[in-house]
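One chain is shown next in C-alpha cells, namely the form predicted on its own.
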C-alpha cells in the first residue's frame, strides 16, 4: 500500500474528515502541562508532539470500569457489550506493542468476547515518537518503533510534513477521506527511516544492561534476592505503577445491586498486584500479604510470567510511566533488573 505525504494543513483537513464520520476520534491532547488521550473535537487540539500520556490508550480497549452483564435478583440476566466503532489516533509504538500483547492474552484460553468485540471495532492510527519523555526506555525494550498492529502509521518529518502509511484495508479506507496529499518520495521514505533509526536507539533514558530476552532466565536465579525487601520498605502499596502501566490487564469483578434490590449489574474494574488486597481469597487468606512479595510479583510478571504465556515478549514496553508515577522512586524496572544483572556478574 502506498505511503501518502501531508502538509500540516492537509493533515488537519484529514482529521476534520475523520471527525465528520460520526465515529469518536480519541487522540492525545494537552492537560495542563501533561497529556491525555480523550475525545477529539477539533484538529487544533491534537498534539502529535506529545511526549507521553498520563494513562495509556489501553483504557479505551480495556476500560477502567466495564459492565459485563445486567441481572434481576433471583431472575434472568443478559450480557452487556459496549464496544462501538472508534478511531484511536496517535498511539506511540510502545503503547501499541502493549495493546497487541493484551490482545493475545485475552484471546488465549477463555476467549474474552467483551474485550475482543470492542477491540475489533477500533481503528488504530499509530504515531512514531516525536519528542521523547523524561523516563522513556523503549529502545532498551525493542518497542521504540513498530512494524505491525496498526491500520495507519504516521511519521512526522523534520520539515513538519507527515507521512501516512496504511497497512490494512481499514487504514486504506480511512485514508480515502483525505483530500489533498501526495505520494511519498524516495527522499521522504529515507527521512522516515532516519526517524526510525534515531528512535530505535534514542528513546533510552534508562539503559537496560541486557537484552530483554535474558530477563526470564535472570529472574529464575533471584527469587530470594534482597532487592525485593529493600525496595518494598519504601513502597506505599498505592498501585500507581499498576494503574499507569500499559501492559497491566488484571481486573476485579463486582456485582452491584440497585437501590430497589431487584436489579443489578456485574462489572469488571482495573486492579493491581501492588494493592494490599489483590491476592485475598475466601477465608480472608492473602497469598501475597507482604509488600516485598507484591513488589517482586510485579517485576516477575513483566519479566517472566507473561513472557511465558505470549511467546517470550517482555511485559514491559519501556514507556516510563511507572517511574514518573511512583512518589517513592522505587518502581523503575530497569534499576531492579540492572541490580540483578550486576549481582549475577559479581557472583
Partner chain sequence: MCECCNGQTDIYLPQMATITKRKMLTDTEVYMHLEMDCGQDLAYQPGQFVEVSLAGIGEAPISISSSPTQKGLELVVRNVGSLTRAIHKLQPGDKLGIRGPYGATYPIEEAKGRNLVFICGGIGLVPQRSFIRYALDHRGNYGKIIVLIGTKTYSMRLFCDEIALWHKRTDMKVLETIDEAHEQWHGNVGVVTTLIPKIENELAGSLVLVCGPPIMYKFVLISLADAHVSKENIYVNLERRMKCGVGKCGHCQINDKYVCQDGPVFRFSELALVPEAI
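Residue numbers count along the first chain shown, from 1. As the structure is a computational prediction, the values presented were derived from the model and not from experiment.
Although not depicted, the form predicted in complex with its partner chain is the subject of the following passage.
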Problem - Any non-hydrogen atom of residue 108 within 4.5 angstroms of its partner chain in the predicted complex - result: yes
Problem - Distance check, residue 249 to its partner chain in the predicted complex, heavy atom within 4.5 Å - result: yes
Problem - 4.5 Å heavy atom contact, residue 113 and its partner chain in the predicted complex - result: yes
Practice task
Report yes if any heavy atom of residue 288 sits within 4.5 Å of a heavy atom of its partner chain in the predicted complex; otherwise report no.
Solution key: yes
Problem - its partner chain: the contacting residue among 187, 201, 257, 182 in the predicted complex [heavy atom, 4.5 Å] - result: 257
Fill in the blank from the handout: Assert contact_stretch over 261 to 269, 139 to 147, 174 to 182, 202 to 210 against its partner chain in the predicted complex, heavy atom within 4.5 Å, equals 261 to 269
Practice task
Counting only non-hydrogen atoms and a 4.5 Å cut-off, give the residues of 78 to 106 close to its partner chain in the predicted complex.
Solution key: 78, 79, 81, 105, 106
